[in-house]
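Here you get one chain, nothing else, as structure tokens; it is the form predicted on its own.
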């Protein structure tokens, strides 16, 4: 196992800054997910760990070593790509075996990596195949496999070398929904078995929320927030994180502080804590924390109802601005309101988030 430490790491491509002064410590044995939209710098950060991108500024450590100028093959990492990157002319068994042949491997009870014997390689191939349900396919070539099976071969190839750090770049994005869910569970199980450090890149927040020990959220090359899935969901550091995490996303609207509430049009969202009167802010409420009812301090005009079987999503226009649309979750057993109805809405003050309008940073309670 090994920690991965970014200390002021920057990556530039000419005048474009892809990763900007990144400070991030990924602990021993942690499942860290780098999460963000396309172009946010998460894959570039992963490729710098792998040694596939040079570092423009700063220091990158894996374990006790600074690896800025260490060759990729000497970093003791294994990378799983979105595109599988399997050898098409090799069988599944040979694909899994390939890293064991090309470089020395860490062996239990030995201080130095070494080349494995044929018997040791066969044992590791069999173990990885059992773990990822690949035993029936060891003699097949990649063209004879489904997308999910190919991805499991790519994972098995990473597993056999037992590196200090696993690097995974959107490995599930080519799978269908059922296989994604199955492979997510396999990856979590893999992490629990080996306790190895995993750095995983995705733009899919469901993958991040269900697998990560901690999530590092990035936008435009900058780190926005690091925390457990619950931390970033319950206490987003800024408006970007608040709107990026959550399905449906957090409801937000601009308003002004007046006493113990944020005023949006004729509606008043009461909050916990204190903020300066007259301050321009953005109020935020998660869909599951907004319900129909209450004293009418918040009113909404129903604009859309989506019935999903297990729940309904009711979207209401709040305030005079038609852009201020708030979605709430309603239990499927309840009768949804009709489009065009004006309904009272309520939310507990402690569930109301307040962000500074200028900086977009979260304001404390």
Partner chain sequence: MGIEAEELVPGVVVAGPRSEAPPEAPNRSWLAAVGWYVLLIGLSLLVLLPVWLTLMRALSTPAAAVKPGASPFLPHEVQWGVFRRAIDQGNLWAALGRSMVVTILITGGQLVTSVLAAYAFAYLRFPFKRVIFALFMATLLLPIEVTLLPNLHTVRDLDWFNSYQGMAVPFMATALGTFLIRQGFLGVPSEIRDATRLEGYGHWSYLWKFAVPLTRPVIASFTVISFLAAYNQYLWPRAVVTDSNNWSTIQIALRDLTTTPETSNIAVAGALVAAIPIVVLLILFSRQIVQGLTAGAVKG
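Positions refer to the first chain, counted from 1. Think of the rigid core as the biggest set of C-alphas that the two forms share within 1.5 Å after superposition. Predicted model only: the values in this text are computed from it and were never measured.
The form predicted in complex with its partner chain exists for this protein as well; it is not shown, and the discussion that follows is about that form.
Segments offered: 49-57, 300-308, 23-31, 330-338. Contacting its partner chain in the model of the complex at heavy atom distances within 4.5 Å is 49-57. Using a 4.5 angstroms threshold between heavy atoms, residue 219 stays clear of its partner chain in the model of the complex.
Residue 72 belongs to the set of residues with a heavy atom inside 4.5 Å of its partner chain in the model of the complex.
Its partner chain in the model of the complex is approached by residue 99, whose closest heavy atom lies within 4.5 angstroms of it. Contact annotation: residue 132 falls outside 4.5 Å of its partner chain in the model of the complex, judged by heavy atom distances. Proximity of 79, 82 and 90 to its partner chain in the model of the complex is complete: all three residues have a non-hydrogen atom within 4.5 angstroms. Site annotation in the model of the complex: the residue of 86, 179, 245, 264 reaching within 4.5 Å of its partner chain with a heavy atom is 86.
Shown without its partner, this chain lists 140, 274, 103, 270 as candidates; in the model of the complex, only 103 has a non-hydrogen atom within 4.5 angstroms of its partner chain. Once both forms are overlaid on the rigid core, the distance between the two CA positions of residue 228 between the shown form and the other one is under 2 angstroms. The two forms, fitted on the rigid core, differ between the shown form and the other one by less than 2 Å at the CA of residue 270. Residue 102 shows a C-alpha shift of 2 Å or greater between the shown form and the other one [criterion: core-superposed Cα displacement of 2 Å].
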